[in-house]
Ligand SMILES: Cc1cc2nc3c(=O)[nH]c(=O)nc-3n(C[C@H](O)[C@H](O)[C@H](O)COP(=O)(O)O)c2cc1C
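Heads up, the chain below is alone and in the form predicted on its own; it's given as structure tokens.
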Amino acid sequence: MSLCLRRKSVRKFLDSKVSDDMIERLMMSAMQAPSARNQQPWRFIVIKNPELLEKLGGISKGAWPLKEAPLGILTMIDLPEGGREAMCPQDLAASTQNILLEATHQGLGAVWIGVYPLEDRMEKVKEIVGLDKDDQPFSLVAVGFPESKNQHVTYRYDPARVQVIE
């Protein structure tokens, strides 16, 4: 089965640390994402601190998995000089998806927690992590070993949503 078809959102984790080697592979995969004009407008903050994860888990109703995760990854928009800001959300979304796919590949579980473009969430993240006012948080990813061995995936393919033009 394809990696994309095995990926699912995992919100409950075992109390086991994610190794530095696994984290490095997650980051390598994140930075392998496509980006407009190859601008690579990203920066990443790997969060292992349980107190910070607990606080970040309160930024929104859906952020609670961070409270149980041994690891959080904060993706940040970091536009290079002369970069095209309009394409940053697409670039960071691709990067976040690569993290999710690499987590699946490594037998980890992960869930994407949306931050950008919601100003209240962005401000809460900046305050909790201690970022500068001009920093732009994009997403948070809770990562860990899945609590459940049941990795049933619901297939979402619907041919009625596909139009082919020949």
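The first residue of the sequence shown is number 1, and the count goes up from there. Since the structure is predicted, the reported quantities are computational estimates derived from the model, not experimental observations.
In what follows, reference is made to the form predicted in complex with the named molecule, a form of this protein that is not presented.
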- Report the stretch among 23 to 31, 61 to 69, 127 to 135, 38 to 46 that approaches the named molecule in the predicted complex to within 4.5 Å, counting heavy atoms only. 61 to 69
- Heavy atoms within 4.5 Å of the named molecule in the predicted complex: does V111 have any? yes
- Is the gap between R156 and the named molecule in the predicted complex 4.5 Å or less for some heavy atom pair? yes
- Query: With a 4.5 Å heavy atom cut-off, would you call S16 a contact of the named molecule in the predicted complex?
  - Reply: no
- Find out whether any non-hydrogen atom of S9 is located within 4.5 angstroms of the named molecule in the predicted complex, and reply yes or no. yes
